[in-house]
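Single chain ahead, written as structure tokens, the form predicted alone.
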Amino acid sequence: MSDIKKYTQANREAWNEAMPHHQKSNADKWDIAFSDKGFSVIKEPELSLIESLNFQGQKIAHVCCNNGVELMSLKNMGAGECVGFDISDEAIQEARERAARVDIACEFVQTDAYDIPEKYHDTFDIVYISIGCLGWMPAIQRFFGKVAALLNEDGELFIHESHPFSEMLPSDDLDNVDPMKIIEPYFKQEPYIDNDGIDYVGKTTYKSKSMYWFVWTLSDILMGIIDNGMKVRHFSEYPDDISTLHGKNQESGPEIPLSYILIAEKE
């Protein structure tokens, strides 16, 4: 087994373990929300920038789509063919079942991001990446190579993610720690290994299977995009926590970069 596969398969098992915990808290919420025709979770500042892509009718891939709520939202907003990819069997099953229940035409595919089938190459107008994707990727250059392969000749990449700066700060589950104190390195070569579960929805605690989280610097991300034949045409930073992990950092006083939006186009 390759090093990449060792990490991604471990994370797959951890996510399959976590999804039933999420579903206990959130399944009915999303079913009710999407029963309202046209419902969308896409909000500002992301909304205006997504709309600037003129995505109506365009073919969109969501890599690391989890339970599919962002992709279903984009479909409700007028996107064309929509395909979501995620490594978690449980997440994909939830997405498929909900899309069928509320009659939103999205395709959901269970796959390791590095193994997305070649039949999807050169076909998408937009590859969409949302919060909580890049840190699960053990090889960022190779990941963006797959993203570039998915895009058609004029395709664009859209990322809305946590800012790497936030990785240095205490997360909300740490008590009696100054939320503005840097406690972790910015440059970290080895992944974090965690066995404390990932039920950030219901906040339940359980002893989980080992999972691996990788910290990528801004330069890692930017060069991963550039080296794979994409040109960055927009980059904006925000003081908003979109991760559910850094609310205390956001509320602590001075505005700091906690999230960003990046748009790149295939050259």
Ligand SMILES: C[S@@+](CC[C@H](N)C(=O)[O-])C[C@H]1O[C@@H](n2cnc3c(N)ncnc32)[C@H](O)[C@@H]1O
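For every residue, the number given is its place in the sequence shown, counted from 1. The structure displayed is predicted, hence computed values, not measured ones.
Although not depicted, the form predicted in complex with the ligand is the subject of the following passage.
The contact with the ligand in the predicted complex, taken as any heavy atom within 4.5 Å, belongs to D86 out of D86, E167, E156, E94.
With the partner omitted from this view, the residue of M137, V127, A99, A79 that lies near the ligand in the predicted complex is M137 [heavy atom within 4.5 Å]. In the predicted complex, at least one heavy atom of E70 sits within 4.5 Å of the ligand.
In the predicted complex, no heavy atom of N228 sits within 4.5 Å of the ligand. In the predicted complex, the ligand sits beyond 4.5 Å of every heavy atom of I50. When contacts are judged by a 4.5 Å heavy atom cut-off, D112 counts as touching the ligand in the predicted complex. Comparing 58-66, 215-223, 229-237, 32-40 against the ligand in the predicted complex, the single stretch with non-hydrogen atoms within 4.5 angstroms of it is 58-66.
Using a 4.5 Å cut-off to the ligand in the predicted complex, not one of F144, S162 and I261 places a heavy atom inside that distance.
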